[in-house]
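Listed next as structure tokens: two forms of one protein chain, kept apart as structure 1 and structure 2.
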Structure 1
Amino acid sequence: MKEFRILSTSGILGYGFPEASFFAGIEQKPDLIACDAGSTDPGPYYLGSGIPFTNPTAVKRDLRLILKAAFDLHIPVVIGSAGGSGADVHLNRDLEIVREIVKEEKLSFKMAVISAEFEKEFLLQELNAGHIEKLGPAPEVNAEDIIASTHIVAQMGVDPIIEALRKGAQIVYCGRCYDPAAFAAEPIRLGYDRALALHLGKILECAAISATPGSGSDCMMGYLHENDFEVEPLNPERKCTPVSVSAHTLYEKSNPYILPGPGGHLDLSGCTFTPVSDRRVRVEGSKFFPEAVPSVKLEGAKQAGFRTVSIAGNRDPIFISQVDEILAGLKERTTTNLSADFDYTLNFIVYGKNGVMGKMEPLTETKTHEIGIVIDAVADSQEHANAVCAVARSTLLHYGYPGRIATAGNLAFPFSPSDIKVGPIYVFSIYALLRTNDPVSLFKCSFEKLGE
């Protein structure tokens, strides 16, 4: 089989990439340009609220370069997890950008649009039929979770993308998508090994992060063959090594050797990573094992209240030495001073002590000249969250503690106003598997003719 070349532009569409790297890839005449456009890493807010976490100006800049090059080369483009979280509202935002570019640049394409969002009525039926299963440590899904969720999506695999490409789509724009699928679908359609294509997609979905020095904002080229694949960054300042590529293979997996996904899992325990040059690595030995009944992962989010935060600093060594006791006393004092007739939570993040790891922080002694404190108040309304934060902030500002010398105030505020009204917040409400015997028609696909 001839070499199949895939150009990965960046770790997420809208992260940007150097034009020099991109055009170095275009000069190699790729067979596919693909990009993952989303992740759950930024948390549930974006799925729950329907707000994209990628900036439209940045997305349009990246897409303009991609679409113009694909038009000139007559090659397909596949974008996964539109707008960050892949619900229909995110997908529609990106589709408007595509239409603007096509009109401005006088391009023409046949575009397939694959939705990954589901109606609650359908999911309630699937739940009652026993087709929705618990996944990992996440709780069991119940009807209340489905009803309360604002958006529920599933990670599509390669099958609906393959069907869209088979029907002549030149652009396939997907809602929530399994990260490697955008890269693997076209070569699998053409007969390349599924395991190698998916493993290559796993490497390419983060673009040059698997290089050294790594970057999610730079381009990577993948070269797929009958029995192996190779990867190489397109920026001469970066290189791939067996260590950098194998390390990325271990990335984001609970089991270092097994990578589950829609329809089955990759077994990477027999992989080898061989240097082809000082910048290029060959990978062999990937295996794919299908599921008896294919599954897709469901993701849902629901509103969980409103948040107000205040950020402040302190560099008094006496305060710092007692900060745990001070904050515990502050919680009690806030309860007394507020006398709230509503439910709320009040938490503190202390940077310079254990702000990153919290209770898991192994270092118990604080050795720093200053700390940062985030006051985090969550309640059932914005006004209530504002009230909790305001009382806690003002109480901490003038809180008395043993050995205190200054009385002007305990906190230094970097901003005015000091309290930041975050607005509605969301939590993941659904994280489960949906079993399906039809991974193609499960995802609604429509076609659109763009341009002349």
Structure 2
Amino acid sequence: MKEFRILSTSGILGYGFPEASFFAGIEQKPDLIACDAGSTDPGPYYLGSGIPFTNPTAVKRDLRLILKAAFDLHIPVVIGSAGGSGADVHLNRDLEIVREIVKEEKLSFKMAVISAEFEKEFLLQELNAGHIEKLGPAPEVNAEDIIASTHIVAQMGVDPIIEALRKGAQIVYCGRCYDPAAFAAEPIRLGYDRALALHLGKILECAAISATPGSGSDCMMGYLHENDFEVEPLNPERKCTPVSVSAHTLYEKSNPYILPGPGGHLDLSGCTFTPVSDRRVRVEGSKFFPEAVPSVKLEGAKQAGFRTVSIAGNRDPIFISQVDEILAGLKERTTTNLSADFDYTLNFIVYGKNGVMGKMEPLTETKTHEIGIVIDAVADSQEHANAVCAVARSTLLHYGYPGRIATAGNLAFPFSPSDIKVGPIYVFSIYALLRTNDPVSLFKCSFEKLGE
């Protein structure tokens, strides 16, 4: 079996990568260029609002290099999790960028576009049929959450991408995608071992993060063989070592041996990591165990109201020594001074005390000379959130506490205006498994002829 070479450009499309690394990869004549943009790490806002967390100018820069090289080399490109969250609105933003580049550079491609977003009606049917399962500590899915969600996507596996490549697509542009699938689909289609292809994809999806020094914005090359694969970073300043590559399987996962994904799980417990050179590592022994009924992971987000925040500092030792009592009193005072006929949530984050860890913070006594306070107001409309924040802020500014001698004001505001209107906010509403007997046609695929 011939060696199959995969060029991974960056951990997220739009993170950027050095041209020198990219062209060093292109010189090695890769068989595939792939990149995944997906992550739930930035939180629920981007999926919920439909706003991509990847920057359009940066995405266009990355894609231009990728598409021009793929056109010249006649090789496929697979992009996963468009715009980061992979709903149709994110996908469409990226597709506009692709069309612009094709026009500007006079390229020509057959492109497949695979949607990962679902109609609520379909998901309600699946819920009633018992096909939606609880996943880890996430709550059970109920019909109200489905109805309230603004976008619900599923992470596609390799199957719909393989189908699109089989039908002759040179570019496959995917909505939400299991990160390794963008890398593994083409080699699996060509008959390479599924476990090795997926494990290689798992490493390549973070680009050079598994090198040392690691980076999500530098290129990495994968070399897939019949019984093993190898990885090597394309920037001579980085190297892969058995420790750097094996340690990568720890990253952002609960268990480094068992990695569940669409259609089954990877078992890496029998893997060996061997140095091939001082910069390249060979991996063998990855195994894949298919599920009886394939599953895909659902992700949904819903609007949770509107937010207004105010940021201020305090440098008064008497105030700081009583800050917990003062903020508890402020919460009560805000209730009585506002007489709200709407629901709201008022939280305070106190930096210098437990701002980062909250209830998990083991240190109870603060020794700092100054603290930062974030007033966080969430309500059912922007105006209501503004009102809660305004009343809490003005009340705290002049709040009288025992022993107070700095009577002009309790807060140092860095900004005018002091209150920041954040707009609508979102929370994760669905995180669950959907069982399906048809992991291909679950995801709608359409084809588009680009260029002449």
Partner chain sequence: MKIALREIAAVIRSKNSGPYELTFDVMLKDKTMYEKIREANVINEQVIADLYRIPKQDVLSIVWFPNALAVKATIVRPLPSGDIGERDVYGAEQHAPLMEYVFDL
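Everything numeric in this text was worked out from a predicted model, so none of it was measured. For residue numbers, the reference is structure 1: its sequence is counted from 1. Definition used throughout: the rigid core is the maximal C-alpha set that superposes within 1.5 Å between two forms.
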query: Is the form predicted in complex with its partner chain structure 1 or structure 2?
result: 2
- prompt: Cα of Lys367 displaced 2 Å or more between the two structures, core superposed?
  reply: yes
query: Taking the rigid core as the reference frame, is the Cα of Lys68 displaced by 2 Å or more between the two structures?
result: no
query: After superposition on the rigid core, does the Cα atom of Gly423 shift by at least 2 Å between the two structures?
result: no
task: Once both forms sit on the same core, give the Cα displacement of Ile405 between the two structures in angstrom.
output: 3.6
